[in-house]
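Starting off, we have a lone chain in the form predicted on its own, written out as structure tokens.
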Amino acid sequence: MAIKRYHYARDVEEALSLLLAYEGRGALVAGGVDVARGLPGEIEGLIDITAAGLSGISREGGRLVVGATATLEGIRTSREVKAYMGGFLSEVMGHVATLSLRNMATLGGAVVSAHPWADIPTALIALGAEAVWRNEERTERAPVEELYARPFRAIFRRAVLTEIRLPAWDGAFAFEKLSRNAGDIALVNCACGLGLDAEGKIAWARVAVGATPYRAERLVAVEELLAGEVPSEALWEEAGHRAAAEARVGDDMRASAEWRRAVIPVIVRRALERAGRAVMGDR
């Protein structure tokens, strides 16, 4: 590596000032997991933001705000996170890697790296999470789903991700993942959420599938299929098959497109069943 200097930023302003001064030759570091995997050859300076005041986790009514440098294990065990959406986000974090890596990796790192095989982007997209960042001009924000439709890595060469904001939902979410073992990356994953109206019909649905091996995407056609229907095993089955038809799948070294399309109905059905039981249990 071409690293020449390592800085400890005292706050976001200092981190941003250092990042801009490097003019593309600097990189932020918190957990350091992606740094350990390797950096572009032109990176000369690392800017440590672990002491920049970005590790907080708080509730704002039914909403949840998580700082960018909060570790995945810190999120998993947080009282505020366990109280949010029945502990859904805490459950997701428990599926990510191993304890030693969760103690290092941060939520901000997971959002900015956005590896196609990752579990966290799938959950955040399903939840409608919003990313907040600071650049040299102002504070900006955008839904994570929308951010990933833009050249987001270029944005964070000149900006500091500060927090992720998760909205309140009147319903329940569930996460499913298939992998070779408990600590391995996903072969395919999905996150589903459901809410019911006063008549017991589905008022809203959120369905995201990832590691296909592409980065997670919402399956809007599946959500539209579910909306207005009465929860049932037959509906979950139909939604699973629609998800397999709608999802973008491909081959990689871990699994084939054919295998992924065959198992998507299973994990989508499982996630919808669990979300459905949870939301109906609240009635």
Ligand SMILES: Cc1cc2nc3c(=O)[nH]c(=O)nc-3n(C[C@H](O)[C@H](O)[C@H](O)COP(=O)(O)OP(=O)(O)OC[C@H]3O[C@@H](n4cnc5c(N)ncnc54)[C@H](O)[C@@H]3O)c2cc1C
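Residue numbers run from 1 along the displayed sequence. Note that the structure is a prediction, hence the values are computed from the model and not measured.
Not pictured, yet referred to below: the form predicted together with the named molecule.
Residues placing heavy atoms within 4.5 Å of the named molecule in the predicted bound form fall in a single listed stretch, namely 107-115, out of 206-214, 191-199, 82-90, 107-115. In the predicted bound form, no heavy atom of residue 231 sits within 4.5 Å of the named molecule. When the named molecule is considered in the predicted bound form, residue 35 lines it closely, a heavy atom lying within 4.5 Å. Using a 4.5 Å cutoff between non-hydrogen atoms, residue 168 does not count as a contact of the named molecule in the predicted bound form.
Contact check for residue 176: every heavy atom lies farther than 4.5 Å from the named molecule in the predicted bound form. Annotated contacts: 64, 136 and 164 are all free of the named molecule in the predicted bound form [non-hydrogen atom within 4.5 angstroms]. Shown without its partner, this chain lists 68, 226, 243, 52 as candidates; in the predicted bound form, only 68 has a non-hydrogen atom within 4.5 angstroms of the named molecule. The single contact residue among 249, 255, 57, 29, judged by any heavy atom lying within 4.5 Å of the named molecule in the predicted bound form, is 29. Heavy atoms closer than or equal to 4.5 Å to the named molecule in the predicted bound form belong, across 69-100, to the residues 72, 95, 96, 97, ordered by sequence position.
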